[in-house]
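In structure tokens, one chain follows: the form predicted on its own.
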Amino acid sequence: MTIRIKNISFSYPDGSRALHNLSLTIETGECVAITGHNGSGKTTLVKHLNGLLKPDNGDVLVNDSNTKACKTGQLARQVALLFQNPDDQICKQTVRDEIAFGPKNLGFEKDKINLLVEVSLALFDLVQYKNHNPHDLGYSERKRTAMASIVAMDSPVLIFDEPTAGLDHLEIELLLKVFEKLQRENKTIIVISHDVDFIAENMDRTITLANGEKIFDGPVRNLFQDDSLLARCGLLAPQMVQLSKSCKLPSAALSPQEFISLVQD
């Protein structure tokens, strides 16, 4: 499932420009982070991938289908999107029904829906809450319910907007196990995040936006070792990178394991 974005520009009805002449390609099975300061165009960009927004100029191709010619419902089979706030997504009265909502709307058979729901409940440690009203649960449980609902759609591309926000360390470890499973299934993962430590330790590639334009596209390590680029996009270096520099190590570590290895060398 290849995504090709070709020279797209987009402005909102009030005239504010959100994207300008932006091009990029995301290949099947990639694990990509989209970074940048607030208002840089990150969420606007990913809303173009499932047809919630259509470009003013340029084209977005999802598996060679131009989103301009596709309805959002059609694109949902290919691209599932987690909103930043779970309360903007949750609409059913039980956790189980919430997770089943997407697969039902995609027209899956009953047996497949049941399997997808049970797997997603287990993946996100929600089995004990399956009959609860998600609106009565805590923030992290609502967040996990929303994430489970998009994983249950079984789409080849999954977009997570700020997935680690509001999660504790154990819940982030749970999320990483889900990512590992999705990658084994050769699914594409796109993560919008300000969590630079999470990105540094777990993402392969970073696309960085500033004022609606792409200013970096490459390996995570290259972004976090470039102080001037980080300043331009309003990001701080990850803690391990900062610690590496303060210890005057020969290269910057992206994870605690890397840091220990560099110190021992």
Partner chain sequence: MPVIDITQLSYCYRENNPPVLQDVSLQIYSGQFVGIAGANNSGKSTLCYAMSGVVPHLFHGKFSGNVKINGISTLEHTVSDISNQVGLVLQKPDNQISGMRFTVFEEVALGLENRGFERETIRKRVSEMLNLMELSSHAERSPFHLSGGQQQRLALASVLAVDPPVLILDEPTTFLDPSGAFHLFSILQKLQKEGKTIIITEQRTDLLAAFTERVIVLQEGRVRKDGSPQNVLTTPDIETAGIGRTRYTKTAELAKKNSLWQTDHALPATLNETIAGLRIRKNTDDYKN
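Values in this document were obtained by computation on a predicted structure and should not be read as measured data. Numbering follows the first chain given and starts at 1.
Note that the form predicted in complex with its partner chain isn't included here; everything after this is about it.
Taking a 4.5 Å heavy atom cutoff to its partner chain in the model of the complex, the contact residue among 118, 125, 185, 168 is 168. This chain lacks the partner; the member of 21, 25, 11, 257 within 4.5 angstroms of its partner chain in the model of the complex by a non-hydrogen atom is 257.
Heavy atoms of residue 131 never reach within 4.5 Å of its partner chain in the model of the complex, leaving it off the interface. Looking at residue 201, you'd find a heavy atom of it within 4.5 angstroms of its partner chain in the model of the complex.
Taking the partner from elsewhere, residue 16 is found to have every heavy atom lying beyond 4.5 Å of its partner chain in the model of the complex.
Its partner chain in the model of the complex is not approached by residue 180, whose heavy atoms all lie more than 4.5 angstroms from it. With respect to its partner chain in the model of the complex, the three residues 7, 158 and 228 uniformly fall beyond 4.5 angstroms at the level of their nearest heavy atom. Residues 234, 236, 239, 240, 242, 243, 246, 247, 248, 249, 250, 256, 257 are the members of 234 to 257 with a non-hydrogen atom no more than 4.5 angstroms from its partner chain in the model of the complex.
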